[in-house]
Each structure stands twice: as C-alpha cells, then as structure tokens.
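Shown next as structure tokens: one chain only, the form predicted on its own.
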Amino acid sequence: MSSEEPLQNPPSEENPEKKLSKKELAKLERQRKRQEAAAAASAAAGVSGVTLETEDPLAANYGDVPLNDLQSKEISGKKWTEVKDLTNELKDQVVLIRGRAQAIRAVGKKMAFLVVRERGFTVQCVLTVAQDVVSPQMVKFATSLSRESIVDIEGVISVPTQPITGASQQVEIQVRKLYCVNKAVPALPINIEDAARSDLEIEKALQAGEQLVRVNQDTRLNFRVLDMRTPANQAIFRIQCQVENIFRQFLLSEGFVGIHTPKLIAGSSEGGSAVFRFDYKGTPACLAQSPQLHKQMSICGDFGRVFEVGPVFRAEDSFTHRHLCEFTGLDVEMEIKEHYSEVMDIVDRLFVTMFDSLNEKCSKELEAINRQYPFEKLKYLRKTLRLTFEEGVQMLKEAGVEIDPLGDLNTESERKLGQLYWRMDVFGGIYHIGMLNCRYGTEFYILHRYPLAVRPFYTMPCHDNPKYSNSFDVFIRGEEIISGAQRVHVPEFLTERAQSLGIDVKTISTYIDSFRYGAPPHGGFGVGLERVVMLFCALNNIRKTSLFPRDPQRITP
C-alpha cells in the first residue's frame, strides 16, 4: 500500500460503506479521547459511564482552577473579604474568600464541613446538597481536598444559634461555589494541628491514656513553612513586627534619624575573634558584629541621634537557648550633654512605651501565644528600676551567690538576680535599697557601672574609679537584652584602649580618625529584636522568635 492510499477507516453511522477522510478521522479520534477522559473523571467521582458535565449541570461551580486561569489573565473586579472580617453584620450577604482548607469533615453524602484558615483566623463553611445550588458531586469534591490546600469559596453568611467551637469566627458560610487554587500534598511532613498543640494538652492526654503527637524543635525548623502557620507563630511574628515598629516610631518622635550601616567591614567591631571572616576582593574582611563603629561615626557626622534596624552576625559557638549566629539588631546612638544616664532615660521611656503598646494593641496575639505557650504578663514599673553593678553583686552575695566583683555576670547569676525582689523607696530620684526579701514587683530593670574589664574597648571608664565604666545592661525576666554605654570619643585614648585589648588599630583606623575631626560626647545601646520578643512572651528558646534561625548547626531552610 502506497502512502497516498486512504487508510481503512471505520464506516460512519450515516453511511456504513463510506470511508472517513483524514480530517474526519482526526476529529473522531479527538472526540474519542475526550470521552475516555470524561469517563475516567466520572469513574473517579463515583459516577460511572457518563461525563461529569452530562451528569452534573452544576459542575462549573466547583473544581480545580486550571493554571491558565491563574496566570494573571484579567482583572475581574471581584470583591474579596478577609476571614478576620467575617462577622454577624454580614448576615445574608454573599462573600468571596480565599484561604487554606484546615479541616474537612463529611456528614454522609449530602453534607460536608470545611474549616478555612486565613492568616490565623478561621471560618466554618457548610456544603449541603440542594437543587440548583450544591450537587452531591460538589460535596464529594470538597471532601477529596487535601488539608492545607488553597481554596476559593463563595457563599452566603449565616449566623448559627449555637456558638461555633471549631473556628475563630462566629458565623458560617453556606457554600455556593468552591474552587481549589493549589493542592497541598496529601501527606504533610507535620500536621498544623500537632504543631499548634501545647505541652499541657499533651500531658493531659497522656494522663488520660491517649498518645498525642509532639513536634520537636528541630522538626519544626526543618519544616518551618508549615510550622509558622500555627496560631502562636502567626502571633509571635506579628508581635515582632510591632516591636520593630514601636522602636522606630518612638525614636523618630524623639528626634532620632534612621540610618543603614555596612555589614561588610575590614575588622572586628566588638573585639575578640568571634567574627565571620572572608576574602573581600583579595583583602581580609568580616561580617559586622554590630553597627557600633559606623553609628558612632554618624554622630561625628553631626546627625546627633541615630538608630538602625538591621542584621548582626556573631560567630560564637554558643549552643544556648538565647544565642544566634545572625539576629536582628535594634541599635541606638546619641549625643550626651552631661551624663550617660541620658541614654538610660531613652531606654526607660522606649521600653515602657513598647510594653504598654503591646499589651494594649496585641491582646489577641498574646492570647494566641498564651494558648500554646502559657505565660504571665511581664511586670514592669512606670519608672524603670536602676541599680549599680556593685549593688547587684551585694544582693547576690546576701542571697548566697559569690561572684567576682570585677567580673561579668554569668547566665546563672543573671537569673538569680532577676529572681530577687527588693523594695525600693524613691527620694529625690535616688533609689535606696530597703529590706532584703521585700518584693518590689518588677521583671524589667537596669544594672549600670559595670567593671571596665568586661566591656568593649570603646567604653568610657568611670570618672571616680577606672575599674568601672559608664555602661549598663538591661534585663527582662532575669536575662540580659541590652548592652549600652558612654563611648570613648578621644582618639588617643581610644587607640590606647583598642591596643590593650589586642585589636589591630590599622583595621579600624578610619573609625579612630573620625574622632580627630571633632566629636561630641555620646553613648548608645544595642538590643536583639528576637530576644526582646522571646522574653516579653516568656518563651523558652530564641529560635521560636527567629523566622529562619541561623545558629552554629543550622543554615537552612
């Protein structure tokens, strides 16, 4: 048979003897394939032998959204409502929402419940078979969805007579349309329900003879994208955002200027060897341990008061609950007119303002955290308590804790000091220690006049005792969050201090030179954003407040 000869085609129904042309044959083949695909889809839906379109006239109201429709084809003008805004006032109104299918439950073949979550808020959606509205196939499609899939739902708001216990919003959506925008895999590495469970729930279940899944810290961090979907984590990072925002707004209101300093520098900014070193175009360099040198240079540049929010890098092999190799630094530097207490005054007002604002504006977030990680609200005073380092040492000594009076406080000593409650009387702004063991009632305080030997090279010594310095640390719940001080602004003395601590002054020559052109007395402080949130919410690990933590053993995800 030559290639020009017609194929032996099946006869048409109209004329059994007539052979089909190539064009007609191709058309017939396409039709056959469509019928096979439709039959397969029908079989999967439990409707054998007919197409879904033929069987279900409501098929257009549900299904998977094809990729082509998700490629920003047009702007429809649809009005979307956020789940958090679904309230009783919207009763009988049609709404369109997008969220995750958090929970799916079938009630027979004619009804299903779908809990949809959007950024920590949840709403119960109900599908009930009704003529010309919801078909049995639509209910079956809903129950076939995998949890955490992204769905679009259109429906009518109703208000049940009984409280809804399985969702945050106290209304229901009577579903009319349901589309799956993106499917999640059927078997998730961790379940959101398990990751959101508190230790208290797990312990109660164990006592009742029930075994619940406990998701450990490493597993959470390995699958951080899933872990951050829990209500507590949604709340933690919203509070973190507020801490940063309050920090900025308060300082701007106090006349500070926001700056951005380089993170690639020629030498150490803190002293010591705990820096990340690398080759910078043939020149040795490192990642900045803090913006310290450059924020001081900005003061020399006549900005007067500056602040920065940015990454800080520390190469210490610290395997603790409160250390990271990279964290977000909140840094401040300012001119001093007479006394370094001016810097502590800023710390005082800043953090009291911050705590007040968080308690007032983040009540829902704090409740969400408290459900998974129970804690008591932070106790603090309207005027922050200040003690000298020597007074702190004396307090510890009377409590039976002996430490080096010219050394630094270790973690154990800091915690012990935080547990000691003293009664203070205020006379003319001076704090006097009262009777031992009288509870004063604060978990936020300042300890100042630290030994000079434990402070960085740029710290100004005390005028009356060179063994101590014009420096301070700030504590929350017995853990240090802030280090601050008056800086040395005299270049000759600064050089002497740097050399005494083994710092190669050549690597910081431009920093020292900036003080040769005239520098005002100044001071400042630095605080870790993650540590503030961790201690304000009484969390037990800083990795809970770092979105993607970097520590000596983790550089992914």
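We call the rigid core the largest set of C-alpha positions that still match within 1.5 Å between the two forms. Note that this is a predicted model, so its numbers are computed, not measured. Note that residue numbering begins at 1 and tracks the sequence as displayed.
The following text describes the form predicted in complex with a further copy of the same chain, which does not appear among the structures shown.
With a further copy of the same chain omitted here, the record of contacts in the predicted complex names 339-347 of 193-201, 475-483, 339-347, 161-169, defined by a heavy atom within 4.5 Å. Screening Q211, N216, S72, Q207 for any heavy atom within 4.5 Å of a further copy of the same chain in the predicted complex leaves a single hit, S72.
Proximity to a further copy of the same chain in the predicted complex, taken as a non-hydrogen atom within 4.5 angstroms, holds for one residue of T122, S135, Q289, N233, which is N233. Shown alone here, F375 lies farther than 4.5 Å from a further copy of the same chain in the predicted complex, counting heavy atoms only.
Taking the partner from the other structure, a further copy of the same chain in the predicted complex has no heavy atom within 4.5 Å of any heavy atom of N359.
Contact between L264 and a further copy of the same chain in the predicted complex is found at the 4.5 Å heavy atom cutoff. Put simply, Q131 is far from a further copy of the same chain in the predicted complex: not one heavy atom of it is within 4.5 Å. Scanning 227-259 for heavy atoms within 4.5 Å of a further copy of the same chain in the predicted complex gives M228, R229, N233, Q234, F237, R238, Q240, C241, E244, N245, R248, Q249, L252, G255, V257, G258, I259 in sequence order. Relative to the superposed rigid core, the position of the CA of L529 differs between this form and the one not shown by less than 2 Å. For I508, the Cα coordinates differ by 2 angstroms or more between this form and the one not shown after the core has been superposed.
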